[in-house]
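This document starts with one chain, in the form predicted on its own, laid out as structure tokens.
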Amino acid sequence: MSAEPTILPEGLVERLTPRGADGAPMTSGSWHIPSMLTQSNGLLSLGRNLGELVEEGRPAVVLTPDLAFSNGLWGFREQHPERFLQMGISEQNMVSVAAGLATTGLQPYVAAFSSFLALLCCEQIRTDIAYTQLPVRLIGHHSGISFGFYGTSHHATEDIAIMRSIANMTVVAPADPIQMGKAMRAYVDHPLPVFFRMGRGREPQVYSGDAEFVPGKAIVHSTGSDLTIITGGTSLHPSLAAAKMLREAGVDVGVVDLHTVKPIDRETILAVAGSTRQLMSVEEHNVLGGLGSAVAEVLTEEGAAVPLHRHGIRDEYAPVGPPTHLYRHYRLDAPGIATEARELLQRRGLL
């Protein structure tokens, strides 16, 4: 059984953790191993959001497989022990238990590593929750390659493809904790299951507290006649930074946050397709079956003429290494996305 480390105040974390290669102090938002032993504010917000639901009188109950520290639910467990179920390292059983709890009128929120939740529990999610149309909320955290050091078993690069192929399932990939909280609110009374895809909680903040979240409606950050980047989740922040780099180089580029992969916002996709010469999807996921594939389906079915380039992990298992190094390797950090876009436009003769 794993011991529960102590949650350190943000200021204390900064004093105790060593400095990074650039000399700057590490924080709870850093990607370096020492600071990963602390909890990030991004994950702590998950427990706060769930605690608010309980305090408002909603019949929410939280289940997790021995991950209360990893996913920031430790505080929720301390404040609402009667609503917290520690299910042990038994993810498949946990999902089936959540289905049973939902039949009694409770609102189960299941939080687990996205790799194990989507892949290991696929059958239980499909048969026990989605087929039976039960309002269970599945929270897959540490998605994509954010688990860098832990290797293939912990990387989640297929979870969107799996979840969006399951009938009755809604798939949402918030960009930061603020959007995650708003998405949870937006779907709190949804009568069917929802899969929320979170990062590791160390992603930079994109949205402010007054940002609007409309279920199934993409957010157009900017429009561009040369290129439009369609992205979401953990890839939104580096895409916005890449777009800034491209604009400074004279490229007219737009960015769309497609936070809800299913049901997909066909109207916005077709609107931007009609106003740009090139589309590029960006995702921390296998390019097969993910956000880019979902966009391609819309373009093909509607006969849109604009070309789409899918940027992500090219159907392979990621190597083991620090997440920052993996993002650089796959061109999923801001400089990498900007380079991918420039090379794409040059190949198309658009730059």
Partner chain sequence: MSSPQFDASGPPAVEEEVLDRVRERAYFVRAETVRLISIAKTGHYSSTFSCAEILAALYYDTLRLFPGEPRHPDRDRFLMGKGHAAVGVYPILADLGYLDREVLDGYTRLGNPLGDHPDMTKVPGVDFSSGSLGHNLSVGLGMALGAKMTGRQFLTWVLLGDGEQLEGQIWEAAAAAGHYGTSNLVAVVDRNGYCLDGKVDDVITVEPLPDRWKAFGWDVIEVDGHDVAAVTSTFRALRDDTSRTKPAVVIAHTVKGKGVGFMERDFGWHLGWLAPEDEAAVHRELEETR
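What you are looking at is a predicted structure, and each value in this text was computed from that prediction instead of being measured. Residue numbers count along the first chain shown, from 1.
The form predicted in complex with its partner chain is left out here; the points below concern that form.
S.K.: With a cut-off of 4.5 Å between heavy atoms, is Q79 one of the residues that contacts its partner chain in the predicted bound form?
M.R.: No, no contact at 4.5 Å.
S.K.: Using heavy atoms and a 4.5 Å limit, would one call R247 a contact residue for its partner chain in the predicted bound form?
M.R.: The answer is no: R247 has no heavy atom within 4.5 Å of its partner chain.
S.K.: Though only this chain appears here, would P263 touch its partner chain in the predicted bound form if you measure heavy atom gaps against 4.5 Å?
M.R.: Residue-level check for P263: no, no contact with its partner chain.
S.K.: Indicate whether its partner chain has at least one heavy atom within 4.5 Å of a heavy atom of L134 in the predicted bound form.
M.R.: Flag for L134 set to yes.
S.K.: Just one of 82-90, 217-225, 147-155, 111-119 has residues with a heavy atom within 4.5 Å of its partner chain in the predicted bound form, so point it out.
M.R.: Of the options, only 82-90 has residues within 4.5 Å of the partner.
S.K.: Could you check which residue among A243, A99, A183, M280 gets a heavy atom within 4.5 Å of its partner chain in the predicted bound form?
M.R.: The residue in contact is A99.
S.K.: Could you check which residue among A68, V61, L43, A294 gets a heavy atom within 4.5 Å of its partner chain in the predicted bound form?
M.R.: Here the answer is residue option V61.
S.K.: Thinking of V188, S208 and D210 as one candidate spot, does its partner chain come within 4.5 Å of a heavy atom in every one of them in the predicted bound form?
M.R.: Not a single residue of the candidate spot has a heavy atom within 4.5 Å of its partner chain in the predicted bound form.
S.K.: Along 112-133, which positions have a non-hydrogen atom within 4.5 Å of its partner chain in the predicted bound form?
M.R.: Heavy-atom contacts to its partner chain in the predicted bound form: E123, Q124, T127, D128, Y131, T132, Q133.
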